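For reference, the chain that follows is the form predicted alone, supplied as structure tokens.
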């Protein structure tokens, strides 16, 4: 093979790779738009009247996740299944946002932490790496940490809405989450930095709970103080 032929072959490879990346970007853009729509629906729960509409907001969000599953199904077809991590950077951010949104919906519905398996099902992707397009563990953890930040905001807005019991429940949840993350040896720098943010979220929530406690606004907190 001559030098010219060799470089022509390389150019063909680069062109094919760029075509794949462009196809991926187009689908990711649509996924990002749907994620913004879901976030817009869920953000309304922070309004004083939004707490009354939580079930309907969660239902609407789950309907939009049907669209997400369609897009992830299309995304799977845009690259060779064994090259997931070659193109992972293109959808990493939006996938983490979608994990957060799925986790937020599940928390609003049941005040529990969504599992990685549940998130994968909601998004229409796999859990096992061997099966191709899957939910990477670190992407799942990053989404959960975004949830913690959102719940710290929800705790503050709960007080404004007159829901004084919710911040205490959020505090218990975030404390359990923090305990879980302390068990992990995080070597991913961005993930470790996000975890550092969890400490500030926890402190913010504890300040809300403390303020409610000294004002005696919830029976739960008064009972907790008597123990």
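Residue numbers count along the first chain shown, from 1. Because the structure is predicted, anything quoted here is derived from the model rather than measured.
Keep in mind the form predicted together with a further copy of the same chain is missing from the figure; the text below concerns it.
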Quiz item: Does at least one non-hydrogen atom of residue 59 fall within 4.5 angstroms of a further copy of the same chain in the predicted complex?
Solution: no
Quiz item: Taking 4.5 angstroms as the cut-off for heavy atoms, does residue 70 touch a further copy of the same chain in the predicted complex?
Solution: no
Quiz item: With a 4.5 Å heavy atom cut-off, would you call residue 156 a contact of a further copy of the same chain in the predicted complex?
Solution: yes
Quiz item: Is residue 207 close enough to touch a further copy of the same chain in the predicted complex, meaning at least one heavy atom pair within 4.5 Å?
Solution: yes
Quiz item: Using a 4.5 Å cut-off on heavy atoms, which residues of 19-51 contact a further copy of the same chain in the predicted complex?
Solution: 22, 29, 33, 36, 39, 40, 43, 46, 47
